[in-house]
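Next up: just one chain, as structure tokens, the form predicted alone.
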Amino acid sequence: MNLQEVAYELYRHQQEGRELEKITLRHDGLTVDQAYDIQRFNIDNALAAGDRLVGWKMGLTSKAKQVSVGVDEAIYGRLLHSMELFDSQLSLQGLIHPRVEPEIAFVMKHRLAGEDVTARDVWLATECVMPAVEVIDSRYRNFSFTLVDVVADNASSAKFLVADQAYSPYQFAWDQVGVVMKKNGEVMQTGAGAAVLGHPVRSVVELAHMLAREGEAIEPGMVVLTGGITEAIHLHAGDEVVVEFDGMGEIFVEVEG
């Protein structure tokens, strides 16, 4: 099995916004480690085309979700400059099954590396914490995939938007921050930061540990999306989404066709 060929097939579908069958249906025996190789190959393709790496995202940060898919740690994906939104307008062009979820984002001022990183190290390395939303989008038909498939697909990364206002890492108890997500005026989801591994800082710790095994690190200036606080909700043209973060204002997403 040529992992680079598998990666290029997935990369082509990502670029063209076309769904495909799960790669595990056609490539029996793929491992999670190989899926991360595929993810990395595709990011390398994007970097070679002029994009740049700006951070990391965590997925499967709910313990209930981990149990349901039979894993004992989260997964991660890479964030590219081309994925970042800088205003409330979200175009559906190139997206297949877009969904949105609220996140707590950490922005780093110092490098975090190694399998011995602790929560204390994360706080000392953090420049600020910001409310954020992530738009996820699986390239697989019917938004259906295995763990291996989703890791290869860059953990369903698509777009992300961070709030204009940043906050001191010590300003809030991030596990207690409540979130309300509304679509077209209707409350769709509610949650709190504790949904992310008990506390969002633990997500950054776990990311550092996983990256260390691959010789990677969280570099200064990078943003880390710590994981969805609630279930993601579907998006369609014309939708207006408002995400309210306790004490930190709102993030708006206006969906264009």
Ligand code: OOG
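Sequential numbering from 1, following the sequence displayed. Every value quoted in this text rests on a predicted model; they were computed, and no experiment measured them.
Another form, the form predicted together with 2-oxoadipic acid, is not on view; read the next lines as being about it.
With a 4.5 Å cutoff on heavy atoms, F172 does not count as touching 2-oxoadipic acid in the model of the complex; it lies far away. 2-oxoadipic acid in the model of the complex comes within 4.5 Å of a heavy atom belonging to G59. Using a 4.5 angstroms threshold between heavy atoms, W123 stays clear of 2-oxoadipic acid in the model of the complex.
Put simply, F145 is close to 2-oxoadipic acid in the model of the complex: some heavy atom of it is within 4.5 Å. Residues with any non-hydrogen atom within 4.5 angstroms of 2-oxoadipic acid in the model of the complex fall in just one of 180-188, 159-167, 109-117, 95-103: 95-103. Taken together, the three residues A132, G193 and E244 all stay farther than 4.5 Å from 2-oxoadipic acid in the model of the complex, as judged by their closest heavy atom. Residues V150, A155, S156 are the members of 148-170 with a non-hydrogen atom no more than 4.5 angstroms from 2-oxoadipic acid in the model of the complex.
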